[in-house]
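Next up: just one chain, as structure tokens, the form predicted on its own.
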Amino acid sequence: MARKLTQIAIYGKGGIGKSTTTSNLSAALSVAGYKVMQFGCDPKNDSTNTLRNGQYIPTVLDTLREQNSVNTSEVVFEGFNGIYCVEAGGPAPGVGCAGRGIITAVQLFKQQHTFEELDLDYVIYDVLGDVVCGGFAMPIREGIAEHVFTVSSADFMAIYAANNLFKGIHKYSNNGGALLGGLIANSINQPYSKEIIDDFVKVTHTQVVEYIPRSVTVTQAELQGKTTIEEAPDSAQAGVYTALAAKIAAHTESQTPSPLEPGELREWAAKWGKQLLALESGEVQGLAERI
């Protein structure tokens, strides 16, 4: 009997730890017994390298440029614990749309029924979330992903990118687009960071799926070309990623978020800025109750 396939998209601002989070999520789901494919959708082609001991793989677009036709078996590579790894790729620098690789690769895999043939439990798309347009919006716009999650820290530009993603989800939600499963809070080491994130999800009517602290364990693992799940499976950080995987595996219903308008977001951020300044100067001891 074929497995039930669940397709998930993980978005986030560049440099926020999106690929690190996605790769550890894939690894944790695999260790839990699920058959997983990680589908890198960033033109940098670096989504899956920590699942393959730091090795990069040929991308779908690069392979198509070299030959007239491609069988998806030529661009699917096995990684840690049997995870299937794919990199969509992008155009040559300065030429074409960076989202074209996603459109081309997803269409190719759909045409060749690759997901069904591999009998997968999860396909996890790792998508650049700075700009939600063109190919980058494809997992949302066309309802390819059933659930969307965003990785964000408490920094304003990360929250700004998350709010833009919420706008995209809101726009396409009435036309069969994907819905939001929640926010994965990354680099949460200070109490005020958690309070900022908690307030943001409150005003946008969504939820935090997991809080992930910044940890040297992650850096150490990535310097070895591995995920934390593989390199340090007994570490506290691996426990956090395992908990995240369990929550996503149990997730069934996503919702339409309520993004803030530009003026609302600016006003919200300004209030927090004043509170952080007061905290730094010692005028206040806590924040959330004052916002």
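Please read all numbers here as calculations on a predicted model, not as lab measurements. From 1 onward, residues are counted along the sequence shown.
One more form of this protein exists, namely the form predicted together with adenosine-5'-diphosphate (ADP); it is left out here, but the text below deals with it.
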Report yes if all three of 14, 212 and 219 come within 4.5 Å of adenosine-5'-diphosphate (ADP) in the predicted complex by some heavy atom, otherwise no.
yes
Contact segment among 27-35, 250-258, 235-243, 55-63, judged by heavy atoms lying within 4.5 Å of adenosine-5'-diphosphate (ADP) in the predicted complex
235-243
Does any heavy atom of residue 186 come within 4.5 Å of a heavy atom of adenosine-5'-diphosphate (ADP) in the predicted complex?
yes
So which bits of 27-44 sit within 4.5 Å of adenosine-5'-diphosphate (ADP) in the predicted complex, heavy atoms only?
44
